[in-house]
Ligand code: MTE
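Let's start with one chain on its own, the form predicted alone, as structure tokens.
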């Protein structure tokens, strides 16, 4: 089945925030953000801004009727700064004007005097000074202190992982329209309609039933709109509530980049021990998460880093500690993978270092330690593993032994160019790690003409969830998909929703839809059973069959008969993921409904004169389960891989020591384009029919593929080492061409470079 939105996307009919027709009298907003990362406000001068033609009003924290607080997990984030500012771009005032141009012009007229305070941008410094969002958490298994004695080799190292800008095509924004009885309709570009509803309720002091949040679709989210959409909706709601006029604010790209958080940067220290058979016996790791100025979703992101700190491997003795460190940067937030990729990168770095010191290929260690069914992760969950199956199928399908030999042969015969190859196994848990969030609802109406309308809490943001929900209803009712419509997500139709995140959206909302459709189908079958005198009723291609034979009734006739008999043709259903639980006091439990596995082999070619590189191939064996829509799932995998490659190679978030974003535009922040896509991108499904809790057995596919891109960093590292075996290659991301060039010709590698006079002459290097 094709994506139901493809046609309207292509012809421009799909409705995003900026496509909503403006109501007469709509006003436009713009936020004034602090120019200083940390300090005390001593004066805020608004007079010049108020004189700008078209300006209606400028709002500050003094105008907030409820709580000046939008923090979700921890109440540590004011909507508008009061006396302190904690990051560059922190909203201090909100200008509302008759035109967007007037609002933005007025922002530039605002003057603020700030007494500066020390700025912290490094998480290690924040941890040393006790600047923590929450107390540290530690996952343990076995006894690492004693286990080191069992190791024949022990290695230690450090890692620095950069952030990543979401760069969704549609920026953050909201459009709030006052309704009768003091209610507000909030059109928000959000992954979490209920989070917006709760936040606005708190800020305005209004009950949630006064606030209708409507989302048709997003122009991308990647986690950046799970929590951070709340601020912009609250600002527009504040102005609309005061002025009794519609208010809209869609951020300019540069505003969005400066004022919103990114993927969390991490620093980490690790220690890994192996025995003579290359089994990893012990692993200790300390993570320093750069949370930014307030909590946002950092505690939950940090938890998933711990949950994924051993990736696809079984390690009997583990101690993993994580600190969520408060710095003077915009609050960092959810991003595809939600902390898992950072944890995975560190264990892969530890394995790469061990392999380098032992003078063998990292894949020898990786393969020897893949987790097996029946073994447990450090958090206590016993796994049903596909790790070894994915690895073995990859080796056979892609003849990885021949690929490795071809790379060696190429490197032996080429001077300027060197190839690198790396393996990247992936294991990702599916569920919100906060157990209470694992629930969803669906409202299904069958109309008297046989058509079907469905409302869920799922947000369509390009991942194809609406298409999968249509497929669920079509399968249960056995009707064409053009008879089914997915309605915009609306908090008046579906209340108390979890955000569309954690790769759990299709599972939870699909299961809720399944329950609702099954209940309606059962009632319809009972009607048919009464008419035809048998309980053996099935639906097939819009026809009603009794005892396997045609009854002469079609779907529409049965629906109409049920209506005549006053049988309900509507159902509101609830689904809560079973089996999952977690005890945060013991740091043990069964937090995930299931795990997604996969393995990739990645190949790159580096130009050792220029430091540039291309991705030759990414070849994947992925654990789809029983995919219900292979095209959509493959599209998600392809996009995830390229986004992961971007994070590992070119997407470099740069803040200066004063906390100012320097990579604040697309001229200074580089994202993958068509030339960054692998020349060869192969995706093969692991054939498995094992039971899982996914919808129709079709495993979640949103986040896991991004982690395949991590392998690119290690492939580049191997290519550099092929050019200069003694190169100094610190475990820092991203591996930009500049960093590649410096590593190729680093001081540590100087002697090696000068030993290759013939090569230097060939390259034309004047040394």
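Keep in mind that this is a model prediction, so the values were computed, not measured. Residue numbers count along the first chain shown, from 1.
Keep in mind that the form predicted in complex with the ligand is missing from the display, and what follows is about it.
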query: Proximity to the ligand in the predicted bound form (heavy atom, within 4.5 Å), stretch among 321-329, 617-625, 444-452, 459-467; finding: 459-467
query: 4.5 angstroms heavy atom contact with the ligand in the predicted bound form for residue 702; finding: yes
query: Close approach of residue 262 to the ligand in the predicted bound form, 4.5 Å, heavy atom; finding: no
query: In the predicted bound form, residue 220 touching the ligand (heavy atom, 4.5 Å); finding: yes
query: Partner proximity in the predicted bound form: residue 505 to the ligand, non-hydrogen atom cutoff 4.5 Å; finding: yes
query: Contact assignment for the ligand in the predicted bound form, among 501, 250, 281, 184, heavy atom within 4.5 Å; finding: 501
query: Option touching the ligand, based on a heavy atom within 4.5 Å in the predicted bound form, out of 573, 369, 629, 636; finding: 636
query: Contacts with the ligand in the predicted bound form, stretch 311-343 (heavy atom within 4.5 Å); finding: 336
